[in-house]
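Just one chain is shown here, as structure tokens, and it is the form predicted alone.
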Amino acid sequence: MQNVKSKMHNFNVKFKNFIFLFLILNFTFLIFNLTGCGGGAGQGDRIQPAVTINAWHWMTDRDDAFAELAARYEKKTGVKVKFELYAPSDSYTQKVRAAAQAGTLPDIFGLLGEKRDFASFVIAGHVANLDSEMLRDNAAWKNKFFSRAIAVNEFLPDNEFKVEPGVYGVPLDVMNIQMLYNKKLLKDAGIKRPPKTWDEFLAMGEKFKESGVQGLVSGWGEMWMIDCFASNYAFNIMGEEKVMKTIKGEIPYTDPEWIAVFNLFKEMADNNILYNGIVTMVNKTAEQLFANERAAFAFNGSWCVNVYAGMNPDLDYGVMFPPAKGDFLMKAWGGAGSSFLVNGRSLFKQETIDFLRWLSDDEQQAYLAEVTKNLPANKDCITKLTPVLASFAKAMEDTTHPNIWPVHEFPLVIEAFDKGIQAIIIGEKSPAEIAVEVQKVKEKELNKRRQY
């Protein structure tokens, strides 16, 4: 019995020694791997966890540029940024909405939609408030951008959506929508310079007819572009204050100045200014027609510089504000063309913010502008732009957009407004008739809101 106890004691001692030796070896192996083989780490080195930032986007024209910038950033910082392209934009939007519901949004994403959609994502916690970062060091980051680019991504105090005030997005580029004119076609029609007034513009219709040239082309089958053109002239004819009062319901669409806005489209149709079939035309078709020198004017956005360069590199054209009709300042639709948001629940939130700050620095913004021919959101880069892009850039502080207006029109009213203009162009309805129809829809929507 004593012999058995002695053997058990010896076994326990050996087992304990084995466990101790096993722990020592594993600890040594761990230290070896942390410090690295072949000499160990320097005194100031420390181990960083692997960071991969995931970014989703829809921008087919800059996917290669994003990949190049991601490679540069990884080489500089060791942080990997993985861009994933999902196109077309409708498919991208569906993916983002599904990911929001499932809680699987990437670290970086963008939103395509109205301000109310943006607000809903913020309220749900999907978007980080960047105000503290933007305002750091006397607002150094925020001040890099065009003010209109920030405005699209910002919620002000007492906003209608009840969102905590702050900047919630980083603009990549900016855009505005103006008129383009073909220099050669104007010359062929005997026109020495682009029109400055509405009457000069209408007078060109007869010259276009004589020379076999069609006038203005635009994607007015996409109704938002009609809405854009009409709102430009609403600001020009009656001023911003009256436009906002109309949206609030204080002034009716049957007001004489609104009828004057509707009448502009009748005048263009009556004076051979509009391209045949413009009311059913998508903007891609309109861009092809202008690029192929089939129309003297186009109503299009600054993104067209990249589009036209691909369709006709030799196209000689200029940029102008729509010719004035009224006495108030003409404002073009514009703002942030595309923006990136930071996932409010990202595991690498600070690293993501640091990357977007780097992406918006001068060098990276200039690179994006050069390869994509889009206007940079960083206003310090505009001196490096081509003459056409520079013309668009000069208008950035004279832009507006429904997303930054203090009030927003009912969707059904906008639809009635834009479809009504299409009816005016093709001669189905008069401006006065459309004004009455739009106001009826407005009153119906206002009554609904009062009931709730």
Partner chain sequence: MNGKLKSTLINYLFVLPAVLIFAIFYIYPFLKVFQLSMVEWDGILPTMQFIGLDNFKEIMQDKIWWDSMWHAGYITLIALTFQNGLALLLALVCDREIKGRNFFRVLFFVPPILSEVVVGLVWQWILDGNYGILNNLLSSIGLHSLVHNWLSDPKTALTCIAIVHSWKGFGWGFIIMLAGLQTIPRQLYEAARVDGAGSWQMFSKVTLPLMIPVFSMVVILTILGSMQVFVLIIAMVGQGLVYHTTVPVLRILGAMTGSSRFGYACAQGIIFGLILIIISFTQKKFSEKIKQA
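Residue numbers count along the first chain shown, from 1. Since we're looking at a predicted model, the values are computed, not measured.
What follows is about the form predicted together with the partner chain, which we do not show.
- Judged against the partner chain in the predicted bound form with a 4.5 angstroms heavy atom cut-off, the residues R294, A416 and K419 are in contact without exception.
- Stretch 111-119 is the contacting one of 251-259, 111-119, 324-332, 200-208, since its residues have non-hydrogen atoms within 4.5 Å of the partner chain in the predicted bound form.
- Contact annotation for S360: none of its heavy atoms lies within 4.5 Å of the partner chain in the predicted bound form.
- When contacts are judged by a 4.5 Å heavy atom cut-off, I123 counts as touching the partner chain in the predicted bound form.
- In the predicted bound form, T93 approaches the partner chain with a heavy atom inside 4.5 Å.
- The closest heavy atom approach of P406 to the partner chain in the predicted bound form falls outside 4.5 Å.
- Distance criterion of 4.5 Å from any heavy atom to the partner chain in the predicted bound form singles out Q214 from the list Q214, N236, N263, N182.
- Checking N138, S132, Q350, T280 for any heavy atom within 4.5 Å of the partner chain in the predicted bound form turns up a single hit: T280.
- Residues P411, L412, E415, A416, K419, Q422, A423, I426, E428 of 400-434 are found to place at least one heavy atom within 4.5 Å of the partner chain in the predicted bound form.
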